Each structure stands twice: as structure tokens, then as C-alpha cells.
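Only one chain is shown below, in C-alpha cells, and it's the form predicted alone.
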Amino acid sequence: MSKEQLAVLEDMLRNGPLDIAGDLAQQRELFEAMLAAIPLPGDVTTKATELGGVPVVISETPGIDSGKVVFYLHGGAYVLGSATAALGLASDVARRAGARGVVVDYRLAPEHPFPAAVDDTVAVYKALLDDGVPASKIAFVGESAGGGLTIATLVALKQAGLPQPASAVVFSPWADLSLTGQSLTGKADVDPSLTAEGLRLRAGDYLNGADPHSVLASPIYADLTGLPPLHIQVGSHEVLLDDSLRLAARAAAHDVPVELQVWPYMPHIFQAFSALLDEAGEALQASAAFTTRHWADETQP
């Protein structure tokens, strides 16, 4: 690890204008502008379309197997972000996995509260199946709120009797909207980007009075039996560290094959900064290896 690389990233995150507890309209503009400032590689092609009535953006790069799909769910505390803004990280993930990316532009709160996001992701997944893409050729990847949404979607698919995808990768998943993890206070001093206050505010926006223990809002409380192999990555300098630790333990208790990687000193969604941080590229390679390994073992229908 380069201490200089990490110091630059932490300073950028800690002193930047983005604040999930701030004015929502302003933060949405900042979030989109920040991500849009990172240009896509020249060989990435994108197409905006709809699947199941839900907007998505499809990314492709040369040499991929377009029959395989990385089903990507962006972060943003359920109130920020978009499929277009997420393309930098999403297309990188899909490229490394040798697949086309399908980035879901699920509806955001507070305009569209829970369970709108889950309804959208399930609709897109059903559309892919209806289009003839086998479940064994689909791999989920989600970051932050999109990581929690990934697990919630898998639980919803199970409830609906739909086949599970080949695997799922989640980066720093927000899996407990009841906000009971000890790291919310224990890691507050070292997390440069998230606060318990901001997460509590945005959980309220998304839940809109719904029970925070609902398994489709906080899948940390769900029965995870029957879910596909799961790979979890999290940094040790995150207030959401305990969400990953408890999710891994719950998956293991329910007989889900699970890998947990805790990256020392890393901040929230450090994987997005592979141009700056060596560990980010290493983490992305590890997640891609997991995804491709489970495509190679195509035992699911």
C-alpha cells in the first residue's frame, strides 16, 4: 500500500463538497458532476434502453462474451446516483469479468420510496430471463446502497420463485437500514466520507415510514438460504464495516458460500479509485476472479 496514494484519496473524500446529509438537490448535482468528470475509456460503448419498463444503460468492451451479463446496482444511499453516473466503475467491473454490463437506473427516494428500487431490479432481472439470458449467465454486482439492494433483490427473487443468478459481489453493502452496527460509532473518526447522521437521514427518505427491519430493506435480517455464492469487500475504515461482517456471518449461517475481504485502512467504495489507488485495482481483480470462477461452474439453471 502506498501511504501517499491513500492520503490523497482520504483528503479528497474528507474535504470534498459531497455530503449525503446535505441538501438533496445540491448533492445530486455534485454527485453526478463528480462522477461525470471521470471519462470512460475510449473502447467502452454504451446504450441507454429499457428492460421490464425500467431504464438501464448497457456497456460493452471489445473481446467480451455478450451472452454474459454483469447486473450492476449503483450506490448513493438510495437518493443519489444514476446508471450513467455509475458507468465508470460498472464498465470496469464488467470488462474485468468479460461480460456486458447492465446498469440499472432504479428509482430514487424520496420521490420513489421503498420498495420501488427492489421492484425495479426484479423487473429488469425478469426481463433478462424473458429475453433468453440464462440465470447462470448473470452475475450481480452492487456498491454501497446498491450492495444492500443486491442482497434484497436476491431475497425478492427467492420469494418470487425465480432462479438465482450465478453469483453476487457486493462492495461495502448497506444492508441494515435500522443502523445497529457498532462500527457506525466505532469507525466514525476514521471514515472520511460517511456518517451515521447522514445514513439515518437517507434511510428515513427511503423507508418513508416502512419497518427498517423489513428483509427487502435490510437484508441483514433475511433468511439467505438458497442465495448464490457471495463475495463481500469492505474497507476497515468504514462506518458500514459491521454491515459486511454481519452479512457474511448470516450468509454462512444459512449455508451460502461466502467470501469476505476486509481491506485494511481502505475507505468506503475504494474500488472506484483504481486510477489512484493500487488496492482498488487489486480488489476489482479479486472480485472479477470470483465472478468468472462461478460462471465457469455453471451448475445453476
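Predicted model, so just to flag it, every value in this text is computed and none were measured. Residues carry their position along the shown sequence, with the first being 1.
The same protein also has a form predicted together with another copy of the chain, omitted here; what follows describes it.
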| property | result |
| --- | --- |
| Contact residue in the predicted complex, from I38, A33, A253, A48 (heavy atom within 4.5 Å of another copy of the chain) | A253 |
| Heavy atom within 4.5 Å of another copy of the chain in the predicted complex - the one residue of V69, A272, L241, V56 that qualifies | L241 |
| Interface stretch in the predicted complex with another copy of the chain - options 262-270, 22-30, 39-47, 57-65, non-hydrogen atom within 4.5 Å | 262-270 |
| Heavy atom of R95 within 4.5 Å of another copy of the chain in the predicted complex | no |
| Non-hydrogen atom contact K187 with another copy of the chain in the predicted complex at 4.5 angstroms | yes |
| Contact flag, L276 vs another copy of the chain in the predicted complex, heavy atom cut 4.5 Å | no |
